[in-house]
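Only one chain is included here, represented as structure tokens and corresponding to the form predicted on its own.
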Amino acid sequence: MAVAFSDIPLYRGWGAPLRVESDIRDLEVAQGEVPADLNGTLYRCGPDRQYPPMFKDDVFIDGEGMAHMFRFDNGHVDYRSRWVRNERFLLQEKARRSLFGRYRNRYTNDPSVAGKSMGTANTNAVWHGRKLLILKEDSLPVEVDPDTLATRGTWDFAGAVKAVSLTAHPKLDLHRNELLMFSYQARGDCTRDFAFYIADAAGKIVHEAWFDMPYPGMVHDFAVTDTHIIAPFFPLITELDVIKSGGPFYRWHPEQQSHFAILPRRGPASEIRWFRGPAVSAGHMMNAYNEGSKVHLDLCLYRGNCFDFFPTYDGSPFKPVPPLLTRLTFDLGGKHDGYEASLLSQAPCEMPKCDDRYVGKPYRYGYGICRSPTAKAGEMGFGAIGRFDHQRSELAAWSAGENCGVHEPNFVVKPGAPEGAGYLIVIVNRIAENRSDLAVLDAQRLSDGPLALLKLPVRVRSTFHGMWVPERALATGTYLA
């Protein structure tokens, strides 16, 4: 069978599958100078189609995982990309075609892969316990070599994780050197099981808690404070009869409520406090923290369905809504099960981050992708990197330029420096030139533009998430907050 991708918008232009592994030693410094104190590795991960999908209308978040690394060494930056050669990839490589059907729907797979893992390993890269893990919430992590990106194999934390999958959005506590993780539909498709795990600095599971979700929905991200976890349940629900008939893995149910479970970090499920509200959704959380009996959760909130490729259950048309930075406040000392919602910014934003030392703590600065200040009226495009100052309620932004896009920024901590003093490293899409740049920004002075702009002769098609690993942390496996 000839390899030919469909001529549809998803696979045209910048979206065209790249299907290339790269090695580039010493990226060209096109502008500025790489800061001398910037030594370590930026790891990123995203989807790229190995073969044309079995169904032409599959969603863009599907596709086999491609891991990327940028190693900074005394002013030099090297780049490498490698396929994550997990079970799915190897089976398709042997067959020379796609064998897995619609997004996460095992009932649409080729019969030859019945019972095999559908995991794409295409969402995030995390360094913890001296292991570099590539994550996708549909399966267990895949370990890869931190220097070569060669695939080592599936990792279940030495058999301690009994859930069938783990989140692509664990939270790293730099102060305790702990990794906090969860699994939803943790015993398989359409189950209501939710599992929470904590791994210590050595990567050993030291705590777990299981409880029932209100429905078998999607939980892409969660948040933590110094004392609690917040697990949000939005009504994007998996229905067994729907997927068995070949339908989408999730459907939007606006008649259902959103639910939030707040649980002590090392507490049993019996200590959960449940809160409820209208049908909203969110892909990503910026941060959360405690204030007395109150828990504040800052997230990019959609007052409706955030995914246009997951339809409404009754067939009604998708209604686009912008993601707006919003604070949800839950009172653990109160008697009611509602919460307060306050808008923090009118500017649409996504892929939020904070200074990693302040995860779970009161904080001032948040970062993310936002609407370009130069965007025309009516445009929602996310072509800029923003810094939101919670103290002043101000948004500062840097735009990569006309006809350019940006990936999620990664914050680089300066040890011992005050909050927000550090760098943001961002992959830039130079769409007209069909290639990428890597920008190093001063996190406190975004509007000044890049401190360094590194030129790639290739296109980094898409990365969802990743992390910066300082040189010392890569050597020792532990972080200094």
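We number the residues from 1 along the sequence you see. Computed from a prediction, not measured in an experiment: that's the story for all the values here.
The same protein has a further form, the form predicted in complex with a small molecule, not shown here; the description that follows concerns it.
The candidate spot formed by 42, 127 and 173 lies out of contact with the small molecule in the predicted complex, as no residue has a heavy atom within 4.5 Å of it. Not displayed here, the small molecule is approached by residue 307 to within 4.5 Å at the level of heavy atoms in the predicted complex. A residue is said to contact a partner when one of its heavy atoms sits within 4.5 Å of a partner heavy atom; residue 61 meets this definition for the small molecule in the predicted complex. At least one heavy atom of residue 218 is located within 4.5 Å of the small molecule in the predicted complex. In the predicted complex, the small molecule sits beyond 4.5 Å of every heavy atom of residue 251. The stretch among 106 to 114, 271 to 279, 132 to 140, 324 to 332 whose residues place heavy atoms within 4.5 Å of the small molecule in the predicted complex is 132 to 140.
When the small molecule is considered in the predicted complex, only one residue from 258, 185, 123, 167 comes within 4.5 Å through any heavy atom, namely 123. Distance criterion of 4.5 Å from any heavy atom to the small molecule in the predicted complex singles out 284 from the list 387, 284, 371, 71.
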